Every structure is written in C-alpha cells, then in structure tokens.
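A lone chain, given as structure tokens: the form predicted on its own.
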Amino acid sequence: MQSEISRQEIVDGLCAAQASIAPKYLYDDLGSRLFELITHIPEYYPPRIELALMTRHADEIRAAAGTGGALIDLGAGNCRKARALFPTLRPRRYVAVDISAEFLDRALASMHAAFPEIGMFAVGADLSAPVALPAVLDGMRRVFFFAGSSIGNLQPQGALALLKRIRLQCAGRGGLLIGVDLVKDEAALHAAYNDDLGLTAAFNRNVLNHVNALLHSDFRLSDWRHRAIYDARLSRIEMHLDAVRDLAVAWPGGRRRFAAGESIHTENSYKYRLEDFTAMMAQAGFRDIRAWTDERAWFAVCYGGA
C-alpha cells in the first residue's frame, strides 16, 4: 500500500502545473551518501556552525535538556550529529529516524559498536506523518533532536504541524533541540547550494534516479540541469531541475511533456529570523525556549521544553 501511495504522490507532483518532486525522495541510499559529502564542503556552513554551537554551549544544553533519557534523532542520516551530543546528554536509549532505511541501518551499526551500553533503535519513517516510536520508550523522558535546519524543508504550516506532533510525543516531559538556518546575505546562501564541486547538483539530479526506480519512469539525468535560487520574498532557497531541451517523460500509465527551460521543483529551504522561529516553537506549545547563535547570527540551535 505504501509504495502505491508513493507512486501516486510522485505522479501527482509531476503532473501539476508547476511540476514537483517531494524533497523526501532526494534521500535514497545514493542521495543520502551525496548529502553526507555535501556536509563536508566549505560552502555548506550549517553542519560546522551547528556542531560548534553544540560544543560551545554543551553545559547550557545539558542544563536545559537533562540527561539519561531517550534521544530521538529525526532525519538522522549518518547519525554523526547525534553522536556529538552523547557526551552532553548521556542518553540511555537512542532512536534514529530517517526515510532512507538502508543507509540508516549501516550508520546505526557503527554507532552501536561505539556505544554498546546504549540501547539503539532504527525507525524508517517519513516525517510528514506521525512517527511510531518503539514501545521501550514508554514512560521515558524524551529529547527530540532535529539537526541541520531540516525543518526549513517544510512549508511554514507544515513546520508548525511537525513541531506540534513532536511536543505531543514528548508526553509532557523532555523537549526539542533543533537547528535553524537564519536569514543572511544572499551570496552566502547561493554559494551553499551551488557549490564549486557540483555535489549539490549531483544530489538534486539523483532524485530522478530514485523516481525512475519507484515509478519505472524514463528520466535521463543528462536532460536536466540543477538550479538553486533565493526567493527573498518567501525567505527560502528553491531547488529546481530545468529541462535542457524539449522532452517527454513516460511511466506506466502516464507521461508528461516538458519544454526547454521548464522546471521540476525539488526542494525548499526556508531561512528564519530567530524571533519568528522561537515564536513558532511557542505556538507549538514549547516553553522555556533557549537559543544559541554564532557570532554572525547565521545559524541557531534552539531548545524548548515540553
């Protein structure tokens, strides 16, 4: 049933007036590997600033979030960001949640070898829907961790809905530690999503490989060019794939023509003013919200109690 739903979601997006592919489909196994490489390039600043903030403010984060409970890592990827939190939060249980289950299983195996005393669980899930957590967490204090400003991939109303679901899953205890990319100079944003090595372009175009596998479509990567632009009015980076020629894409039961220059919208990355984001956290029901930023105010790490 889930694969049928996925295929229909993809078809609906491709057939819309502005064709789109949901950003979650960027993260098949290869896409997850490519994104891991992106986090190491000089232009892509969020991981470095986020890690520096969590290291510099470890004592304050520990005082706010507590220790010894369950750490639930949303969009865990390679689990490296949560690993850096282990000395700070000293969790008894670690739950890694990610849409790319195969990539996640390998990452968690490495984590368990390094921290055998911590009970670890992998959950393959799409964060656009409620996430079923392991029953072993029942009654435990839960700290959710959502790193890398992944919250920015959601439309603001979707981000608020996710924050509300997280607060409810805290069950009145624990809270949320979250990374947020802030509004900044457009040149810095453009460089971060149009890196000189072309890794972001490869990551974006790889979504077509994933769609081909899911939909049995006939996208050719050579027909598409990566484009990332900043929309100041909406305060977001938009990623698109532009057709380089007139073409048609077919899949069982359907097809779509694209004119040269016509695009498929693959991702948004919203950039927030800090006061707007903390207000959203408060609207979702979080309290005693703390925020830490770097010297340039490019990025923030926030914690809110449930």
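Since the structure is predicted, the reported quantities are computational estimates derived from the model, not experimental observations. One-based numbering along the sequence shown.
In what follows, reference is made to the form predicted together with a small molecule, a form of this protein that is not presented.
Novice: I'd like to check something about Gly75: if you look in the predicted complex, is any of its heavy atoms closer than or equal to 4.5 Å to a heavy atom of the small molecule?
Specialist: Looking in the predicted complex, residue contacts with the small molecule include Gly75, since a heavy atom lies within 4.5 Å.
Novice: Given that the partner is absent here, does Leu127 sit within 4.5 Å of the small molecule in the predicted complex, heavy atoms only?
Specialist: Yes - in the predicted complex, heavy atoms of Leu127 and the small molecule come within 4.5 Å of each other.
Novice: Though only this chain appears here, would His210 touch the small molecule in the predicted complex if you measure heavy atom gaps against 4.5 Å?
Specialist: His210: no contact with the small molecule in the predicted complex.
Novice: Would Ser150 sit within 4.5 Å of the small molecule in the predicted complex, counting heavy atoms only?
Specialist: Yes - in the predicted complex, heavy atoms of Ser150 and the small molecule come within 4.5 Å of each other.
Novice: Could you tell me if all three of Arg167, Thr278 and Tyr303 have a heavy atom no more than 4.5 Å from the small molecule in the predicted complex?
Specialist: No, none of the three is in contact.
Novice: Which among 92-100, 219-227, 114-122, 168-176 is in contact with the small molecule in the predicted complex, heavy atoms within 4.5 angstroms?
Specialist: Result for this chain: 92-100.
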